[in-house]
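We begin with a single chain expressed as structure tokens, specifically the form predicted on its own.
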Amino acid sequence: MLHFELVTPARLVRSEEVYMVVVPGAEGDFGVLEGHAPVMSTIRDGAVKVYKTAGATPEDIQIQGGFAEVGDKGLTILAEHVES
């Protein structure tokens, strides 16, 4: 499982284990699974798609701007704003 965190300047929005996350990167959408190579990307306004399990219907979380970082500890998205 992939450790996923979604953070805004005000609070930690999510911290959970998921199957996959599709991120709206500035250069295009990209999927992150467990074991993904380290990468940093700016993100554009759009929907982060969170897949809890393989083949599941994704949950869409609307975000505005920020950065995504994939590292040894998983995926962290630092978003300027998250829609409730």
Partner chain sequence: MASLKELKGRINSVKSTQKITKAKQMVAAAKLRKAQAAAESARPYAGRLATVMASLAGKVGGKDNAPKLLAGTGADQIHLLVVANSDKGLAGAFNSNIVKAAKAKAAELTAQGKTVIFYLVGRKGRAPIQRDYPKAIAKHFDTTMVREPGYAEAEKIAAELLEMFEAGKFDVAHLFYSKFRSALLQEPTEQQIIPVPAPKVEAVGAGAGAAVEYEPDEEEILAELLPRYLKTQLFGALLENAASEQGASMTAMDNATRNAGELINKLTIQYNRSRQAAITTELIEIIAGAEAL
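Positions refer to the first chain, counted from 1. Predicted, not measured: the structure shown is a model, and the values here were computed from it.
The protein also exists as the form predicted in complex with the partner chain; that form is not presented, and the subsequent description refers to it.
Interface residue remark: residue 74 is not counted as part of the site for the partner chain in the predicted bound form, having no heavy atom within 4.5 Å. For the chain shown alone, residue 35 is not a contact residue for the partner chain in the predicted bound form, no non-hydrogen atom being within 4.5 angstroms. Residue contact check for residue 51: none of its heavy atoms lie within 4.5 Å of the partner chain in the predicted bound form. Contact annotation: residue 83 falls outside 4.5 Å of the partner chain in the predicted bound form, judged by heavy atom distances. Taken together, the three residues 1, 46 and 59 lack any non-hydrogen atom within 4.5 angstroms of the partner chain in the predicted bound form. Although the partner chain is not shown here, in the predicted bound form the stretch 48 to 64 places no heavy atom of any residue within 4.5 Å of it.
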